[in-house]
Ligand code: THG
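Presented below, as structure tokens, is a lone chain in the form predicted alone.
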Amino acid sequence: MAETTLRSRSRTVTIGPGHPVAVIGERLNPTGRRVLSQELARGEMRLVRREALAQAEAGAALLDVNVGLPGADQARLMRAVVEALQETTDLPLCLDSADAGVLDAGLGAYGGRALVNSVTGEEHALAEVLPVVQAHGAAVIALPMDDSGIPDTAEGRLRVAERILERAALVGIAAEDVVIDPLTMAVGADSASARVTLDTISLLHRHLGLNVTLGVSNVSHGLPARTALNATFVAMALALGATCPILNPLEAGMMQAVRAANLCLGYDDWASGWIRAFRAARRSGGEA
């Protein structure tokens, strides 16, 4: 299985076989978050910095950065957020936008090797996003959907992922620098959707041997007891080959599931990480 290496100015994170699960923290996203949206609109970075530090402390390995604020100059805003984060934390960044101009601005301000979230198999996305990724020497998350939509089978998603890999290779992006997202839908809206995602992870792992991410919280959208559902889903995904899930590291139940998966998959020698987290939680009076 391939390894994907990402870097900040002072830290390197390697995703792949034999390495602990690399959690991508999802909380730097203004969608549905009024206070963060208001601060970003004013160009303020206090909450951005606090969220970054909190996620790092909770165990995130990378930080997803989304500045999708309607009406904002998102290229300018992405550049400003990237600069603020580099002053605040040494975690590598995952720049989250479908706009090639926004990605170019953020990558240009970044003093490391970022992950780009994301490119699809749609022709316009391939033509616009992949050259930006290649020009900045970044890695990229690929979503297996194309101009026909989202395939409703795991086999269909695998075929789209293979086509994205072919196009990435044509512009000089190595296969190990493409992380696949099998696409996670709300299981409350379609009871078969989670199984298709899990089957896609299994196929990607067996046939491509690349790293796999997924937006974990999408599975529970609209349902009660979301953390319990998310935690179960992420544990199943990790067992099938996912390596770098996007989730909220401030939810104790989610990080418990990730640490348990690390231990059970053999990525936590002598259970040292599990025990260390338990002792830290006991000292703070919280959950491990």
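Start at 1 and count along the sequence shown; that's the residue number. Quantities reported herein were computed from a predicted structural model and do not represent experimental measurements.
Note that the form predicted in complex with this ligand isn't included here; everything after this is about it.
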query: Contact label in the model of the complex: M255 to this ligand, heavy atom within 4.5 Å; finding: no
query: Contact flag, N117 vs this ligand in the model of the complex, heavy atom cut 4.5 Å; finding: yes
query: 4.5 Å heavy atom contact, I141 and this ligand in the model of the complex; finding: yes
query: R27, heavy atom within 4.5 angstroms of this ligand in the model of the complex; finding: yes
query: Answer range among 194-202, 102-110, 213-221, 156-164 for contact with this ligand, defined in the model of the complex as heavy atoms within 4.5 Å; finding: 213-221
query: Any residue of 154-175 that, in the model of the complex, places a heavy atom within 4.5 Å of this ligand; finding: none
